[in-house]
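Here are two versions of the same chain, shown separately as structure tokens and labelled structure 1 and structure 2.
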Structure 1
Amino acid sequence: MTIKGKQKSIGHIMLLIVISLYLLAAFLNPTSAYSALISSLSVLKTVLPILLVVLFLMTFINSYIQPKKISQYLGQKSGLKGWLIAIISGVFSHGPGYVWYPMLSDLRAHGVKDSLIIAFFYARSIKVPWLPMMAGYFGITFTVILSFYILAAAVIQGMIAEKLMLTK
């Protein structure tokens, strides 16, 4: 079976499990099951526009950016430039992480280093639009210190992952 075929069948199994969970929930407590369904639909409504952005980015990358360029900027010899791109794009990426998975998996297939993808994921924990709210709850000093350590942790994790991935 191809990788895509395998992904599809795992997806179908997962979807079947989730549908079964909803049926079970509806059987036990229809009100809660309905409330869960409404929550999911609301998430779907949030995710759809971001998926369109992802679709556009994937099309753009595959049409205009050659794999050679991608590996130059985000591949094995990308250096400091690669870390900066990964972290800055992580901080400014919007929406739930799983929406970005297809594009990142595509980029990975084009030669982007695992360490940079891991750094991207961790840098995503700085949510720029929500920083004022965090500062409101926990103070500006806390927000600045936490953001600084998150950026440092993103790079350190990427470096550790690079070592771990190489020692297969």
Structure 2
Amino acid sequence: MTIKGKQKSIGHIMLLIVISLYLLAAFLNPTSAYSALISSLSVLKTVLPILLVVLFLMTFINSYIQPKKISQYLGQKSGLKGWLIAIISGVFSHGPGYVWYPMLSDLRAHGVKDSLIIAFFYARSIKVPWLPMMAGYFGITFTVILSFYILAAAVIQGMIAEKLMLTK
């Protein structure tokens, strides 16, 4: 079975588990189950615009960007350029992390290095809109040093993960 096929199977299994849990909750406590369903629909309403953007990006990537180009910029031989792209795009990415999973999984299938995906997720902890607020509370020096450490840690985490994954 291919990686895509395994991911699809896991997705179907997870969906069945969630539906089963909702049905069990509805059977045991219908009021709480209804409340949970309304809450879930509220979350879906919040993330739906982001999911649509991610879907658009995935469609764009699959339609117009050649896997060879992705591999060139973010693949095994991407070098410093790949790290910079991963970190900068991580810093400027928005929305919940799980929304990025489908697109990053798709990029991974096109040859993006796991270490760069890890660096992307790690760099997401820097939120550009919050930097002025952080500087206001903690000072510019603190904000710059913390941001530098986060970016350095993103690269280190990616490198460590790459080494660990190679040993498997």
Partner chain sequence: MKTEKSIITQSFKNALRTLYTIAPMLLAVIGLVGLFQTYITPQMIHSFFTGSTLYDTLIGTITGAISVGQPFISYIIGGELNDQGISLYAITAFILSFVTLGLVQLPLEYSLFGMRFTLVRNLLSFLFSILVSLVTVYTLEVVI
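Numbering runs along the sequence of structure 1, starting at 1. Whichever C-alpha set is largest while still superposing within 1.5 Å between the two forms counts as the rigid core. What you are looking at is a predicted structure, and each value in this text was computed from that prediction instead of being measured.
The second of the two structures is the form predicted alone.
When the rigid core is held fixed, the Cα atom of residue 35 travels 2 angstroms or more between structure 1 and structure 2. For residue 17, the Cα deviation between structure 1 and structure 2 after core superposition amounts to 5.7 Å.
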